[in-house]
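To begin, one chain is listed below as structure tokens, in the form predicted alone.
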Amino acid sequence: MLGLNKKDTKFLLIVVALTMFTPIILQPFAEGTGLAQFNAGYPDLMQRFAIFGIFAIGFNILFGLTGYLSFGHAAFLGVGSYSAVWMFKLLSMNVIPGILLAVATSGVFALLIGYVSLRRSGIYFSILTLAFAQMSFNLAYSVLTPITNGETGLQLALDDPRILDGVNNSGSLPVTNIFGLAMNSSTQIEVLGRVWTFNVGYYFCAIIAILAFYLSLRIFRSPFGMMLRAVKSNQQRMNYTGLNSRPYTLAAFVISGMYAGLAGGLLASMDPLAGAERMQWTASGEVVLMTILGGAGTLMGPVLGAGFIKYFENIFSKINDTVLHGWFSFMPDGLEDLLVVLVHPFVGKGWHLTLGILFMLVVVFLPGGLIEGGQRIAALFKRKRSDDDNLDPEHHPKQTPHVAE
């Protein structure tokens, strides 16, 4: 099915099901309860899960398969955002042309940067990509201000031409749409104290994320993917056999950059604003963390890593002292205050500390990321089931006692 074997097809269907039911899965606790703080079924957050999942999937094609660590992928994210917003300003608020331009522009940009950067490998390649990203950031921030609008960022305006949409007579800024269906439109359903929000923008991002995941799955299973693994395994030996690895690494870099541009275009489609901050080195470092945390070189790992980091960024960062006092209110005043003081550095503005500790633990004890943790748990249950089967007398034939003659 779809060029996949039975195992991969089953895996893809599971991913599709989980993605489609994300609004329900991320809203497990009833509103008004203490645990509702941990619900994440909000349109904006779900969109970010899907968008940064695409960003991490693309980065994993480069880093996970070839071993080339890029610290400049945020440049493609920013280029994609700027391209999409310009399309919204000049042509139409329909997101399809903007996303197509974002992917094409970031692909060309990645080709130029990759052609230069891939002349070196290892730390030198990483430094080159970082340098290009920082140059892109500074160009967008202070040099190319007629195109990027500098530190203010590129935004929509009432007098934008929008050739296909016509003159805007409404007096308010238009919203992005997909053939007339607004990205910000939502339907809410309340059942058993839970409010589930089904957002057009999320499902649009989710469908594209599924297609991006399917493409990455095909790349991983293809001969091209095997060549990329060969580059990671021993590029020098590969070159000795007469195979030129550079076209493969350049193709992987361009594909990865196009994924990043797609993510940038989707960010602009959900919120028509593009700023230079999306090109900063911190954004590049974030996708590295996502990939390593989830499991570099695995199919699902980068998606889990992206969701994990965005969950911490948006949920743990909202836990303040008021919330903490509510949690520990059943304790004596002195003990309550002590616990709040102890927990305070790890939540709210200090969520980076918690994330850093978890990242350190994963790197030390789970080098394969969260995916390795899941595999270990699955293996543990499998071993336990196997032991239980061995102890079950029904699985062993009854022995006939020996009778002396």
Partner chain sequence: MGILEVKGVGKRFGGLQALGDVNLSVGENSVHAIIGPNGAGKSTLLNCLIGKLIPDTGSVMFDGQSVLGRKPHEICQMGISRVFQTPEVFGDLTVFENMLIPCFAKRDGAFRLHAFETIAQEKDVVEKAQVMLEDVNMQDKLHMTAASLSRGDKRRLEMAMCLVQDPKLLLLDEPTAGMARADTNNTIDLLKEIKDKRDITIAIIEHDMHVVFSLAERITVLAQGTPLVEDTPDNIKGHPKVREAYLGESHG
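The model shown is predicted, which means the values in this text are computed figures rather than measured ones. Numbering follows the first chain given and starts at 1.
The form predicted in complex with the partner chain exists for this protein as well; it is not shown, and the discussion that follows is about that form.
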Name the residue from T145, S186, Q155, S222 that puts a heavy atom within 4.5 Å of the partner chain in the predicted bound form.
S222
Proximity to the partner chain in the predicted bound form, single hit among L335, L100, L112, M226 (heavy atom within 4.5 Å)
M226
Find out whether any non-hydrogen atom of L243 is located within 4.5 angstroms of the partner chain in the predicted bound form, and reply yes or no.
yes
Using a 4.5 angstroms cut-off on non-hydrogen atoms, would L304 count as touching the partner chain in the predicted bound form?
no
Although the partner isn't part of this model, could you tell me whether N234 comes within 4.5 Å of the partner chain in the predicted bound form, counting any heavy atom of the residue?
yes
Using the partner position in the predicted bound form, report whether I315 sits within 4.5 Å of the partner chain, counting heavy atoms only.
no
Answer range among 195 to 203, 212 to 220, 156 to 164, 103 to 111 for contact with the partner chain, defined in the predicted bound form as heavy atoms within 4.5 Å
212 to 220
